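Encoded as structure tokens, the following chain is the form predicted alone, with no partner shown.
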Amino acid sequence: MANWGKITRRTLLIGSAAIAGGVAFGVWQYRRELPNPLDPAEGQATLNPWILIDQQGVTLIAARAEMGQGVYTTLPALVAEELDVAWDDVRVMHGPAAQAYYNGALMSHGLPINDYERTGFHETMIEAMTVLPKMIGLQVTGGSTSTIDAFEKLRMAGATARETLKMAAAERLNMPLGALGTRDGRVIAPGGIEMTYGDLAAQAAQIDPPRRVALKPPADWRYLGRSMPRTDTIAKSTGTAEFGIDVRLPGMKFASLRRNPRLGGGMRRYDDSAARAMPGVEQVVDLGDGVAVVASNTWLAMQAVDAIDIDWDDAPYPATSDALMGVIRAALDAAPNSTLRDDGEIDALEIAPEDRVIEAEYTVPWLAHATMEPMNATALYTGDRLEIWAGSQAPGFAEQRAAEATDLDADQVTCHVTYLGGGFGRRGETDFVVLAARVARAMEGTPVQLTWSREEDMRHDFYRPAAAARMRGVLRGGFASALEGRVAAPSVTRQSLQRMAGISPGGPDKGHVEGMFNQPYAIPNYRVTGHLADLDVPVGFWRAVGNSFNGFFMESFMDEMALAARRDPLAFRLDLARREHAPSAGVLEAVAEMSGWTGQTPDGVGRGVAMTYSFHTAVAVVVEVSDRDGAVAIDRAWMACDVGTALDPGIIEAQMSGGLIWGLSAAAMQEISFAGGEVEQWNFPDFDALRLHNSPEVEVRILETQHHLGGVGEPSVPPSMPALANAVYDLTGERIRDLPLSRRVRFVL
């Protein structure tokens, strides 16, 4: 990938005036609130947090990690649209860790409200809550928020820069500003006069940017609202894209590690004599709860670290999956941590003789992120400086934690962000960076790349927690009159924030019950409580977070209620959604039309439907399965999403499809289990995923009826799991209430 060093070598520069003053465009310079994070060396030109202009063209900064979700295309398109540059001339680089690149939209998930029914007051509160990420420089890629955060911010940056360049041209030509226009990186003046942005940039740097600029109306968009050529396609297709594991530095050494497989346990003793005897092994580093070996190549380091005889301490949690689930289930009987929805009179509801009451309990297992690119980071420690190269979703936190681990100040540490070969929340953690920094300190002056084996990665993740739910519903006249859900699991929010920011917030944990308490169904008596289970198994943000298990609980139970009421499952949901939230009803209507839903399936075929509103986007899914000689084949899937404004339909379709496959894989076959305190899964053979040959044909429809922008990276995950479970029920007649489904049925592999 591009980085600042490469950009500067490519020459950019604009001149001494620009170097001294900084050519400043962008919304933050425009508001003059946050400093320019770029710090060019002598002879280099810096433009602002978002836009660099040189004599060769324009480089746009994408300060979110590119892990396949398309931010290196959509974010630059937001700037390019308003700046008015030719798409073929756009170059992209990742910005450094900096306060200017904070993600204010992350806090949009923080309000304990039903996201689908935002009021003006809610919008004001969400805007006010951006103060915290701004103050702490919360530069995090996650929560399906990259585009939501950037939508206005980056367009304003481009528009402000464009108008400033026009002001510079007006001065030079002594023409009124209104006589000037822009096109493809040039200011256009009457009489056939054209000036490139590069020619004007130094002069523009001396001008105060306008404080108010108008953004283009959607009718005038050239790039937004259409599928743009991805800026990372060529590099990824030719193998020239630089992922973390591709980093190579002069004199570099390679390391691997082994840590206590009983997570959180220590290390009593170890004998590394066999490893040290291997030619090419340079050092064994004591990590406290494990060891790392530094060698001349990664394979040798992995072989050597496996040769070390280690005596481990026990785990600080119950030793088996059943015992762990016992703790989680017991939390359902304890006092709740939250009651974020309590409509109607659940406790006082009188049950009439003709009412139907149903109850069910569901469970889901622990899950790993299983990033395709093994976890890795490269570090160079020189005594007073630390440089890190890593595919990080949170480079600012990575710098802070690495500084603490090496007794440096944060401003002595620099994290260079590479492409990510899979993140899904795993690379928002900082452990892999911190461990690389510690190994590098033991090899002062030598760059070291620390690579986890797949087995070490699988067995030392921050897992999606196992969870349990106890559901109760009352059916009256064919409709859902009451729904009560209790959800128990360890708290991802508390554990993750403790690691990231050193705080463990009290109060209601919204993330624990999201996907159940905030669903757009007009159920008059509707209560959801969250019950935190205190376990020391490390848990973290996994794609769709709490929605990933609550979507399964909620939509499986909705199916059970519909069938108990002798109603069509899709029509049952649609009745409730129409009275509560029109866009959610719209996605259900869309998948009904797309799939030709009749509620009837022939023998040997099953269909299931589910709908979840998460990350500000409603997604409905219909999955079709069939019997193939006793095995279940996942044949087809129809999906509709309402994202408000579809900035890049091609990327949205790819994200929705990817999330669907991710969710179907988890529902069908994935599980992390424990025995003797250790994770039992080691690699993809025992933590498999759908492949091309057994994935369904997928059709996606994008709707744009809701008033705000919705996320696209995660919201197709939650409904995919119950849609599959409901389809399996339709096929087999067996209601499966615990995932993965492969415990009960055999899938086509």
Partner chain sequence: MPTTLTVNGTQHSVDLPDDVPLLWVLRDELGLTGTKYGCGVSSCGSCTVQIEGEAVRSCQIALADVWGPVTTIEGLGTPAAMHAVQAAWVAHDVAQCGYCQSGQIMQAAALLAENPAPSDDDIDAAMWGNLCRCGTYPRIRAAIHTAADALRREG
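Because the structure is a prediction, the values reported are computed rather than measured. Residue numbers count along the first chain shown, from 1.
There is also a form predicted together with its partner chain; it is not shown, and the following applies to it.
Would you kindly say which of Gly658, Gly540, Gly586, Gly644 lies with a heavy atom within 4.5 Å of its partner chain in the model of the complex?
Partner contact (heavy atom, 4.5 Å) among the options: Gly658.
Identify, from the list Asp84, Glu455, Asp289, Glu282, the residue with a heavy atom within 4.5 Å of its partner chain in the model of the complex.
Of the candidates Asp84, Glu455, Asp289, Glu282, Glu455 is the one lying within 4.5 Å of its partner chain in the model of the complex.
Okay, which stretch from 517-525, 482-490, 421-429, 551-559 lines its partner chain in the model of the complex, with non-hydrogen atoms inside 4.5 Å?
Flagged stretch: 421-429.
Considering non-hydrogen atoms and a 4.5 Å limit, does its partner chain approach Trp221 in the model of the complex?
Trp221: no contact with its partner chain in the model of the complex.
Any non-hydrogen atom of Asn547 within 4.5 angstroms of its partner chain in the model of the complex
No, Asn547 is distant from the partner.
Closest heavy atom of Arg691 to its partner chain in the model of the complex, within 4.5 Å or not?
Arg691: yes, in contact with its partner chain in the model of the complex.
Taking its partner chain as it sits in the model of the complex, is Met67 near enough to touch it, meaning that at least one heavy atom pair lies within 4.5 angstroms?
Yes, Met67 lies within 4.5 Å of its partner chain in the model of the complex.
Can you tell me which bits of 236-254 touch its partner chain in the model of the complex, meaning any heavy atom within 4.5 Å?
If the 4.5 Å heavy-atom criterion is applied to its partner chain in the model of the complex, 236-254 yields Lys236, Ser237, Thr238, Gly239, Thr240, Ala241, Phe243, Ile245, Asp246, Arg248, Phe254.
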